[in-house]
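One chain comes next, on its own, written as structure tokens: the form predicted on its own.
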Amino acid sequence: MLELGASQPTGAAEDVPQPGAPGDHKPLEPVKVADFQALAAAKLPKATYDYITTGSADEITLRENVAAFQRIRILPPLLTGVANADLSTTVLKQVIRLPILLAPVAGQQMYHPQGALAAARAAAAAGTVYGVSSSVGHSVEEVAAASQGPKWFQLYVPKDRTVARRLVERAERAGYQAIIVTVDMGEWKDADRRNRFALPKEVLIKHLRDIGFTQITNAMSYQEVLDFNAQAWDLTLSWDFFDWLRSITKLPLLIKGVLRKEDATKAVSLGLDGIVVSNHGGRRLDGMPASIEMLPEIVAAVGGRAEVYMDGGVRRGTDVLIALALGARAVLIGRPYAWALGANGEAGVRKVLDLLREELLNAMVATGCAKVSDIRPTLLRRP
């Protein structure tokens, strides 16, 4: 479901460094994720930057996603003799070179004309998975053709089950390797209403037709298209939906938006293949706990019966190390690569993945972890 709001910075998100010193017009050479945030702020239209960056209401959850990582301490053992490290791992039996996946992010053509096509190529170059949003701005087939890298399709569910079925079948035919069902749908941000942002009619029409709503035409008024979009999506999903979804596809299924151990246990009982611990990046409901805070509880509840992932607040390679130590198979990033895409397209996304790779490599060497499976909870001290 494509959100129509964009957000105005409130100052509550992480501090944004200035793109350069006064009088210095040279572009900032990014050395960390926050540098891409600064470059995106300088380059993108304000409403687009706001849409990427801000969170729901008072942004408590947005801040906590980052702050919760910062409260965890790393205790490296000495004299472990590791000079290099292997960052490869497997996700759903697929070997990847980096335990950092690109999360589904909507409307990527707002950030760069190549949008999802650029992000797909960057993920493939890094040897990792690209999570493709239903509302990314390109069709499943267009994104599939952009690169040979592994892709997971994130499904926002149309009310029309015929359209939903055809969409899943199209993703399977196009070579996607898993379906992610995001259940914490929607966004609620003060700044969306303040900005009164709305997608151009032609962008919204393409999105709806890419999903499979063939009745949408250019002859419709903008209000008619908006009204159709508002009622097109199933916001009342129940657990029974997964029985239906399993009946139409053999692809692995993941549920995204899990924070309660009871929900994780239910997902496992239904035979789901993966769980993404997530609070929707602090964009949906303010006051929810940080994803990393809930990760250990979810991992314990799952007990190895499904793969567990997490997103929200990952800004450094050390954050990745912490998440892996607490039981995540891999992490997903959203805002970091959206900022990088807005700052410099495909090259920006490649660079942000390279920076996180280098930071994770440094953290693994410093903690004596020669491979991802060496990363253990004993490396951490948690409050």
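Please read these numbers as outputs of a predicted model, since none were measured by experiment. Don't overthink the numbering: it's just position in the shown sequence, from 1.
The form predicted together with a small molecule is left out here; the points below concern that form.
- Taking the partner from the other structure, the small molecule in the model of the complex has no heavy atom within 4.5 Å of any heavy atom of Tyr309.
- The closest heavy atom approach of Ser133 to the small molecule in the model of the complex falls within 4.5 Å.
- Contact annotation for Tyr156: at least one heavy atom lies within 4.5 Å of the small molecule in the model of the complex.
- For Lys351, no non-hydrogen atom is located within 4.5 Å of the small molecule in the model of the complex, even though that partner is not displayed.
- Only one of 35-43, 352-360, 317-325, 331-339 lies within 4.5 Å of the small molecule in the model of the complex by heavy atoms, and it is 331-339.
- Only one of Thr182, Thr128, Asn229, Ser139 comes within 4.5 Å of the small molecule in the model of the complex through a heavy atom, and that residue is Thr182.
- A single residue from the set Ala301, Ala118, Leu272, Val105 has any heavy atom within 4.5 angstroms of the small molecule in the model of the complex; that residue is Val105.
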